[in-house]
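Shown next as structure tokens: one chain only, the form predicted on its own.
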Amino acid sequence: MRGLWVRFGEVDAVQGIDVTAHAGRATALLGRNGAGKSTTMRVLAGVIPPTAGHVQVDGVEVAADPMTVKRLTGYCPDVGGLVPRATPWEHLQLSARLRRLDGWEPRARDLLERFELGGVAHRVTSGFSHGMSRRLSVVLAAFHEPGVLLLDEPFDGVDPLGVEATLDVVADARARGAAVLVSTHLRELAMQACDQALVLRGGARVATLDSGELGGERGAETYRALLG
């Protein structure tokens, strides 16, 4: 992705960002709310078109073929994405049918158990807490083992066991050669999950750093300075 710009009316939500996500690696988009993280992820997922710039996912131009991009990616949105009157199992069943997956049930059960959702697999999601909804969104994104995994704020409101399961999903995706992007404002968790981070502020990239440069107290000071 080179020179991504996204404009909503008179507001430039993203201003000329360059992002390269490599196979088998994980990259974090770090920054405060309003930094442009979620907008960037929505473009990469084929949800919204770029205003300008060159954006490809696995060799497919997002603006020209967003439906193919949606098939290639696994996307956990920052909010929403679940059907309130459907159960987790029904969500997975629909995903399997849409993607024509065979023999999907064992993987579905394994993911639900790993994220401690096995006991509520047949409850409608309208009664789920925010953390439970976040965990299910990660499950749905990773379910079909996509070549590009996009996780937007996957740690928001999630308990330690859910965080651990999400980190395992990222590690599994990297091990099978997927490119992973994780957007979050939680620096320490981003560094556990990812090799490097793009720090965004006001819709623009202010730095690209390796995970080691953002670790510990020194990394915290560097991050605070970049955010202004």
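All residue numbers are counted from 1 along the displayed sequence. This one's a predicted model, so the numbers in the text were calculated from it and none came from an experiment.
Beyond the structure shown, there is the form predicted in complex with a small molecule, which is absent from this document and is the topic of what follows.
Within 4.5 Å of the small molecule in the predicted bound form, a heavy atom is found for not a single one of 93, 107 and 121. Only one of 66-74, 156-164, 38-46, 51-59 lies within 4.5 Å of the small molecule in the predicted bound form by heavy atoms, and it is 38-46.
Of the heavy atoms in residue 177, none are within 4.5 Å of the small molecule in the predicted bound form. Put simply, residue 214 is far from the small molecule in the predicted bound form: not one heavy atom of it is within 4.5 Å. Shown alone here, residue 17 lies farther than 4.5 Å from the small molecule in the predicted bound form, counting heavy atoms only. The closest non-hydrogen atom of residue 23 lies beyond 4.5 Å of the small molecule in the predicted bound form.
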